[in-house]
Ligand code: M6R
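The chain below stands alone, shown as structure tokens; this is the form predicted alone.
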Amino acid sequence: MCGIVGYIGKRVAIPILVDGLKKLEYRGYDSAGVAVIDQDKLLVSKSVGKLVALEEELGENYSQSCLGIGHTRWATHGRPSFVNAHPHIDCKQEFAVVHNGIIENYLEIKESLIEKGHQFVSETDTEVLAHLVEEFYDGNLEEAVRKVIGTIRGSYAMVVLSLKDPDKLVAARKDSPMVVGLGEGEFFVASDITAILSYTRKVYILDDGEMVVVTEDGVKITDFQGNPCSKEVYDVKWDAVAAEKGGYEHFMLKEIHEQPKALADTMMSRLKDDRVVLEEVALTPEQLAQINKVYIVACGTAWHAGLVGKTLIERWAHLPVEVDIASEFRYRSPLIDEHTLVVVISQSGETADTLAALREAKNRGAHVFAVTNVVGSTVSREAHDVIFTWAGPEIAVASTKAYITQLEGMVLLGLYLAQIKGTLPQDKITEIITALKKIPEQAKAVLAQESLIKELAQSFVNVEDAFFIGRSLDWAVAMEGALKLKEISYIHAEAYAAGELKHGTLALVTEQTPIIALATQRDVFDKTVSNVKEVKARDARVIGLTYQGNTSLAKSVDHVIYIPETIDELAPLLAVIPLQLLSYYASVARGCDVDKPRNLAKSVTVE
């Protein structure tokens, strides 16, 4: 994987391909390449590292071809290198392929093709696709790709370009996203709408099991068996400017500042007459009455949102909840059936492990509820019910506004379930909703403390280890804070339930160790302060986080960050913002690549 773009039309292809790949840089990548048909030659240019290296490779006198494909790669099979970069070609240099996903049976296919005389040059699974097309081609590129699909197992979004059929692109998808852009006399294929938004707002979103043939004359979409598929044009509403930095130094900082709006957008249409109204949800009271258990399944940051969701659903809806990491969910034979509600959380809606968990849950009869940021994503289409988080496109690899709206999605879902089950009195629901409506403005108040947090972050320049502690919901938020710090500043950071310090962690605490202590949960505040005193007794430097007006914490810590007062269940929506800013400014101070941290990708579309 990671990013795909293709073009056919009247304009020169290479500038469009490179521009599209630049729009996909946020996904993370280690190499890039393009391929075009130029008269009777298939020209391929590749480079390792940033796209500027590819531009240098192409030079100023690049091909004037009007047909081509491009790719940014994030290594899965084979290390980052020139030969492993996409596009991959066949032995005769007549077919070029770009591919996101994993071909599970590539080794056996490769061995079979080698026996037939094919010569491979890379370590990738993708290269077998180019050789398979060569093997199956008998004058019809579409049919050759169809035979390839029948041979391979795994996940893929792939685009094929052929010297033998130089006026078309053929693409197919299974478990990896693919869209087709519709222009005036020109067409695009891409793994992400962002890549082509500068050229068109009208797209087809391919579903699993669909392939497309694109020529200058138009687009033909079929299923893998060749049956025509009817598609509706999706009109992209958000502007290309939304994918630019908007004057901020980094996308991450821009997206942190977009959180008040994202919070307001996600909630306001769903709060009516002191009730949560989820018009997109079809779960009936009768169905809910049959539910006796909830699983929340997600990866990474989304999993941390699920940890908050567990407490809210148990506390408000009185349903037992388990939170699972999606990559482990299927392999522990989860005890789920038609009486189980499974909630999957994914920013992109294309996270491979989360999709696999969703499908496992459906196969076992569970009702599946999704929380995702992308309309038309696979998760949104395959779940029974969906809450869309209206965060807009998130470019930085480290999630901020997507995470905070996932938290909000958990709040909405918890209240919604409580309403249907009648487990919360109306006055309590009204109290929560009243507090929730204040959150966007309160988030702005937190952001107003940015200069203070920036100053605190300067002390992290030479830090090697940091610990985040908290109890109850504070512990869940601490886990997200630790993840943010380590993924963008490369500081080793861990989060602990504060009460666990005595069970080993105190051995690691020294005067060089910064401790970030969250203390927003009133029922365990005194216990958290006791834990803070334990680390202070070991000479640790402690940054505390609590509500405005709470002066007692300041007596036990070195610095305090205050958030506006709210009900404890909503505190995570505000408490995470200072942690995001702290991580951001620590990363900047250490000279790290904030938006594209090493070894990471935005959307993990392979297992």
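Computed from a prediction, not measured in an experiment: that's the story for all the values here. Residue indices: 1-based, along the sequence shown.
Below, we refer to the form predicted together with the named molecule, which is not included among the displayed structures.
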Task: Options 224 to 232, 419 to 427, 393 to 401, 254 to 262; stretch whose heavy atom lies within 4.5 Å of the named molecule in the predicted complex - done: 393 to 401
Open item on the list: Please tell me whether any heavy atom belonging to T301 falls inside 4.5 Å of a heavy atom of the named molecule, as the geometry stands in the predicted complex.
Closed with: yes
Open item on the list: Taking the named molecule as it sits in the predicted complex, is D192 in contact with it (heavy atom to heavy atom, 4.5 Å or less)?
Closed with: no
Task: S155, heavy atom within 4.5 angstroms of the named molecule in the predicted complex - done: no
Task: the named molecule contact in the predicted complex: H71, any heavy atom under 4.5 Å - done: no
TODO: Run the contact test on S348, T351 and K484 with a 4.5 Å heavy atom cut-off to the named molecule in the predicted complex and return yes or no.
DONE: yes
- [ ] Select from the listed residues S489, Q406, T378, T126 the one whose heavy atoms reach within 4.5 Å of the named molecule in the predicted complex.
- [x] Q406
